[in-house]
Structures are given as structure tokens and as C-alpha cells.
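The chain below stands alone, shown as C-alpha cells; this is the form predicted alone.
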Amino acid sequence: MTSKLNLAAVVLIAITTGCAAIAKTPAELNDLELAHVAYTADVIDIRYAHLALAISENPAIHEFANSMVRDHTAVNEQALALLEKLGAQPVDNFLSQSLTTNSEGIIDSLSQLRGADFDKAYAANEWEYHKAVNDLMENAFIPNIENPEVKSLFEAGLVIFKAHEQHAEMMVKAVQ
């Protein structure tokens, strides 16, 4: 199952980088499309965390999952408040749709696991997911955001999500 999750992470990376050029590249998305991708990515990670809270019995996994729910919910609340202030609505797009579709397969795979197998797969998925999303934010999104307030929110979120990536990497090593 871990290899399936690793494959899913590779697919996520492929979709969010070069393979996306068929429609648009992530770097070509406008601020409202980027906002929707970021919101979607947060919602997905919250779903992964709720699954971990329901399945895992490992206190370290629960601690991490609770921090995912707390932090991603807070970032989404800030994003929604900013959109309201700007009088704007996020715009669905190829990338947010791909993220959602891919997450369903990952959730299905994770849902079949229990015990240490679940913990290893969840930790690995979180590490790969955060690496992929952080790379996308840092190298494709933030450099192309036009609105300074939106850019500032993304930059603040990236700091939080890089800490998540480091925490997830430590979890992967701990559950080996």
C-alpha cells in the first residue's frame, strides 16, 4: 500500500508540474485560481487528518493530525476573510480539480490500512504531499501572485507548511 501512496504522490507532482501544460501551467493561474488551489489543498489535508484521527491509535499521529486540522483551518479562514475583504470569489480550475480527484484515491488506499501500516502510509503521504505543495507554492504560485495581500498570505502559509513538511519527515522516520 505504501508503494500505491508513493505512486499517488508522484502522480500529484506530475499533475502539478509539467504534465499540467496541456491546459495551463500552475504558474499561469491567476490569483483567484491560486486561492482556490490553496483552499482545496488545505481541505484535502484536513480530510487526511480526520482519517488519521479516526484510524490511528498512535498518539504522535494524532498530535500531528490535530495540528493539520488546526493550522489548515486557520489558513483557510484567513484566506476566506481576505477574499471577502477584496470582494472576490475563488475560481475552480484544472489544478484544484486534479488535487481533489487524486486525493480520493489516496483516501481510499489509506482507509484500507490499520495499525503501523496506516501510520507509515499516512506519515509518508503527508511528507510527500507537503513537499509537492510547498514546492508548487514557492516556485510557481508566490512569484506570480499579483495582489500583495494575497502574496503575503501565501508567504505566511508557506512558512507554516514548511514546518509541517519537516514534522512529517520526522514522523516518517519515527514510524519506520
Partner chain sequence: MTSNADSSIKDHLVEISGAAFLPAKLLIKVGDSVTWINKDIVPHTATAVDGSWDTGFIGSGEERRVVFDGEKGSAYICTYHPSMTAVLEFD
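Note that the structure is a prediction, hence the values are computed from the model and not measured. Numbering follows the first chain given and starts at 1.
This next part talks about the form predicted in complex with the partner chain, which is not shown.
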Note to self: Since the partner isn't included here, can you check whether the partner chain sits close to all of Q78, A156 and A163 in the predicted bound form (heavy atom within 4.5 Å for each)?
What the structure shows: yes
Item checked: Contact label in the predicted bound form: A74 to the partner chain, heavy atom within 4.5 Å -> yes
Notebook entry, point to check: Taking the shortest heavy atom distance, is H62 within 4.5 Å of the partner chain in the predicted bound form?
Noted result: no
Item checked: 4.5 Å heavy atom contact, A174 and the partner chain in the predicted bound form -> no
Next item on the list: Consider N147 of the chain shown here, and say whether it contacts the partner chain in the predicted bound form, taking contact as heavy atoms within 4.5 Å.
Entry: no
Item checked: Candidate from S109, N58, S67, N134 lying within 4.5 Å of the partner chain in the predicted bound form - any heavy atom -> S67
